[in-house]
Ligand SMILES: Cc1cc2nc3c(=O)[nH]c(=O)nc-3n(C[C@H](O)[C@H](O)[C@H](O)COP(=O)(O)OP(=O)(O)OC[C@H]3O[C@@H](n4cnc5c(N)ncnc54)[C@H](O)[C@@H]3O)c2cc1C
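This document opens with one chain alone, in structure tokens, the form predicted on its own.
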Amino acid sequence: MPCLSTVPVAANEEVGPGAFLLRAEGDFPAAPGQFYLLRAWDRDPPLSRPMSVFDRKCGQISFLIFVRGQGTRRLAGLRPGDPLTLFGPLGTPVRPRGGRMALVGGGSGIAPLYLAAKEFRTAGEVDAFLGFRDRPFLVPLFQEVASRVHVASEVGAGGVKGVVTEIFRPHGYDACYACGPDGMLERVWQACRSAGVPLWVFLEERMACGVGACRGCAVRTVGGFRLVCRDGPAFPAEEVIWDG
């Protein structure tokens, strides 16, 4: 069951352009695909911010924050000792298929993939394909938990110049998992479908309550509208109705 807790910030480090690794003190449960609602303010902005769990270990939980607006800017500005309120864990965990697995992340979509790589490696071999707009970051962390890490950036720093879908090939994998912009996810799905490889996609949607009451994060699937916060965030790609 999700719980509401207020704990002190342990560390908050800028790890890339507009990206901060926020660590909070406390033992919090989380499985790949789950998230927490975070807030560090009273009333303004009115809504908490949903954040995928980047990692969890004894005594700490961490989130990769990308500055997008007022709420994420405040989270990025937190200092050690500042209070942080967490509500979670939320969402349905995604399980490893086993065998050879590929994790594909673009931009802020890399946020849930570190915990997935860390947990999935007990079920098989995990490769990571990471895409960045500017210089890559956190790649050494991924190299600690993945068998191979492939990097693409739009400026050509630290890997291949281009986008992550240009370096990802699904052939030879037993399952793939992807998170990023919808256009990227659709291209990954097209590649996986052609190769006959199952794909799970972590969808990103704006949300308010995080528990399915407001229905603000509904997405269209072949079985009707489903809620990212409650039914996801991870869905089999063949169930999603892609607008493209």
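No experiment lies behind these values; they were computed from the predicted model shown. One rule holds for the numbers: they count along the sequence shown, beginning at 1.
Omitted here: the form predicted in complex with this ligand. The next part is about that form.
Contact with this ligand in the predicted bound form holds for none of Pro32, Arg97 and Lys118, as no heavy atom of theirs lies within 4.5 Å.
Listed stretches are 140-148, 126-134, 153-161, 108-116; the contact stretch with this ligand in the predicted bound form is 108-116, by a heavy atom cutoff of 4.5 Å.
Proximity of Ser194 to this ligand in the predicted bound form falls outside the 4.5 Å heavy atom cutoff. When contacts are judged by a 4.5 Å heavy atom cut-off, Asp55 does not count as touching this ligand in the predicted bound form.
Proximity of Ile65 to this ligand in the predicted bound form falls within the 4.5 Å heavy atom cutoff. Contact annotation: Val188 falls outside 4.5 Å of this ligand in the predicted bound form, judged by heavy atom distances.
Just one of Ile61, Met184, Cys176, Met207 comes within 4.5 Å of this ligand in the predicted bound form, counting any heavy atom, and that one is Met207. Although this ligand is not shown here, in the predicted bound form the stretch 37-53 places heavy atoms of Arg49, Pro50, Met51, Ser52 within 4.5 Å of it, in sequence order.
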